[in-house]
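Provided below as structure tokens are two forms of one protein chain, presented individually as structure 1 and structure 2.
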Structure 1
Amino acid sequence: MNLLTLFAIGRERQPDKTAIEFSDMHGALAPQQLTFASLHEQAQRWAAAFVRMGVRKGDRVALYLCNRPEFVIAYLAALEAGAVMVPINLRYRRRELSHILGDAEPALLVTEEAQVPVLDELSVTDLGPGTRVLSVDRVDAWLEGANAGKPAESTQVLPARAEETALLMYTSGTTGASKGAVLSHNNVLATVTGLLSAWAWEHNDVLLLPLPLFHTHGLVVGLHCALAMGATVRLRTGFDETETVNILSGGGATLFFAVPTIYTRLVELLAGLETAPDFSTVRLFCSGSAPLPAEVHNEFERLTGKRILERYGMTETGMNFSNPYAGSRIAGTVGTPLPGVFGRVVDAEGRELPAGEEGELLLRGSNVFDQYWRAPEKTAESFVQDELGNRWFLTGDLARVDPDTGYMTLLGRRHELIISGGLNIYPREVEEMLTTFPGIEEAAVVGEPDDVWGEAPVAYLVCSCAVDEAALERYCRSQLASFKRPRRLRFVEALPRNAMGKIQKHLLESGG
């Protein structure tokens, strides 16, 4: 089985049902609705054009598009053509674009008129001499030109095998140049089938999806599961809290997937309403891509009566852990492994640690990618074998398993661990404590060089009002061991984030 086979199962359940209902929060694009049948028909037309333009099996087709139906059509068309889809973060500019395009060497770059000024900044070398650029806003012209006078049999492509590559997804690159994770059809199928079961997806589900399709959360968790189940996606170009509340309280969706920054904004809006909205028709609120602060988790439940489900995934692995759909959801944890996923926590020497102890999380399973694109050294550094010959992926995430519940808690990234005077400091623990102080909305703790201790924790704080530093320091003394207390407090207007809301700590000022 490949992804197209899986999507066909969902499509054939109700071909005339709405697959994509689209609205542009900015008003630049017209609303659209596509049934499963029309989505499939358009994807086949585009695939025929791709092949007639010279796309061959295994070629890369890059998408540099906002959330819109044409993104879905182009992606399915790439699969129909036997190609590998490369989603590109819409916020990337010349440096990031030239790196990804030079590395992936796509045969086609599918984009839109709104992105032409960005692409115009690329040189021929940046773009690559073999890359053809297509705008979805001029689709009629290039479809007609590609298909003119060409026999239909010239578009036939052998179906992809499960072990062949479906996606080349680039990591967020928070510590250096992004790497391309090679994901097979089988890798993605493992995540999708696991989530369909774990989250009890239903044919009549409606997913409100503001998350970008260039990211695994929006693409694999959201779109793939909906297409596989034959559920409807209400696709948005971004997030608008008022529209979201109106849709969710009006019975317009049964599922809502978002990142912590979105839930923070929802809590702020809901807290100011005189009457709490009725979210009774929404059966699942899901959060991921970054840690969800416990206070946001608990406040959302107080305001709505709904408890958010937290999960844990990566570009390289799809989804790995999840709090239960039916069962106790514990704030600050990511739950237990999804079906077919295996995790272990190890020390610096690679020895497995018992529950309750902190170490690096390793993963294996059908969902785990095989290699980084054209990076054998990075691939070799990212995997280890155990005594039985099993291959484990080194996630770089620090974690601990609760000995009582078996739930996993993530403690931060390995490269973010602060070692001060030989003692480990996990930034997330300090950050969560700081945000319990009145007026502090967000906190990011990083290690900075210290002549005495080697490293010292420094806190960057975003505040909603003036904060008494002396009172905050007294609070820290009452809440934290002395070695964990921030040596310096820096107040900033905002923290640097990537498109999915993850704080980019490497961009915070160092040492000053």
Structure 2
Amino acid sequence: MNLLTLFAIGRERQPDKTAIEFSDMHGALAPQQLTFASLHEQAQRWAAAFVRMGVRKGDRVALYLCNRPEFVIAYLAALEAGAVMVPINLRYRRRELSHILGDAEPALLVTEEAQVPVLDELSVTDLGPGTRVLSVDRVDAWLEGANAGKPAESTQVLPARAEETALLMYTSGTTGASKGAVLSHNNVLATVTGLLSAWAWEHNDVLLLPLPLFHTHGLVVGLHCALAMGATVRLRTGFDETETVNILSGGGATLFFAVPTIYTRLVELLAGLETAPDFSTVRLFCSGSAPLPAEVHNEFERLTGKRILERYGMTETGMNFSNPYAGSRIAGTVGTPLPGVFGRVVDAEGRELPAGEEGELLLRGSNVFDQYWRAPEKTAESFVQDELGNRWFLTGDLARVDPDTGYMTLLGRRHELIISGGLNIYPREVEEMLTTFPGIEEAAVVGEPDDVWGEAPVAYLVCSCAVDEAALERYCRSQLASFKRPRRLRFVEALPRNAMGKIQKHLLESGG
């Protein structure tokens, strides 16, 4: 079994049903509807072209695309061609792109016309000599070119085995540069099959999906489950409050998956309406990727009568814990392990702690990745073996299991990760970038609570001369994805350090 065989089960149930209903909230792309059969047929044509262009089994095919049907076609085509798909965050700019492309060395980079200005900034070295760039907006031209005069049998590819790699997903690294999590078909299948049963997916489900397909949440939790079940995805290029409320109250979706920031924004909108919209046809609202504040959880229920199901996952592991579909969903918790996932909370010495005590969460299960791409040392640091020889992944998340309910609460992170609107920011990366700006000698970036984004990065700067804030802002925008840009700058004489010279960030976080 591989991902394509799982998707075939969904497709063959009702090939003429709508797989993807797409509309672009920005109005730049035309609305589209694709049936399962036509999605499959196009993916096969694209796959044949990919193979004829030289994509071989195990090669990487990177996607730098917004949410649109062509993302799904290109992804399925990459799998059909036996390749590994590398999704890239669309907000990434030259420095971030250059790192990922240099590390993944894709044979193909599939993109769209709207991204050409960003890609134009890349040099040949950024891109790598072996990477060919294709725009989905010029698909006819390259399909024709690739297929001209080549025999059809040259495109036959052996189906991927379960242990072969399906996805290379980049996740922010504690050391600044992001690292690629290597996910096998098996890893992803484990998450998908676990969720299909845990959340009682049905083939007549309709999922409204505003989340980007370049992250696990949109791609695996959303798209994969729908394809496997033969359910329809209403794919959006982003989140629009009003359209969301209209679709959900108009019987247009049975499922809605989002990050806490989206629920915060929905609550704000709903609280201002004179009459509460009727969401009775939506059977499940899910939240994940960052902590859902209990206040938003409860307020959403008060306004809609619907209790959000909160779950917990990671790029490296797919989904791990979930509140129950049938049963009590407790605010501030992520519930219990999904089928086949094992969790253990340990102290600093790695000893397992009893329920009720706080420690780092370790995970194992078929869903857990095997290694970071081309980074054996980082891989080795990220796993420990127990007395029985089981390999546990160190999540870096601090957790406690309630001794009465057995539900887990996430308490924070061992590393300094900031999560803004469901997107990860590693302070070290921002700090390193800031100190390349003339006049900035030292920088410390910390997360501060933010009503909408959950957390926002704030930079404390030690400067040798006056710094032009507007110029610094422009510089940040050119060097970093915009969500990583510090939202506030605080100029200080010196950063607080301990006797070892290490910056004491907790003093900055408390405003000291």
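Here, a residue number simply tells you its place in the sequence of structure 1, counted from 1. Definition used throughout: the rigid core is the maximal C-alpha set that superposes within 1.5 Å between two forms. Since the structure is predicted, the reported quantities are computational estimates derived from the model, not experimental observations.
Shown second, as structure 2, is the form predicted together with methylmalonyl-coenzyme A (MCA).
Superposing C-alpha atoms between structure 1 and structure 2 reveals a rigid-body rotation of the smaller part against the larger of 147 degrees. Taking the core as the fixed frame between structure 1 and structure 2, we note the C-alpha of residue 463 moving 28.0 angstrom.
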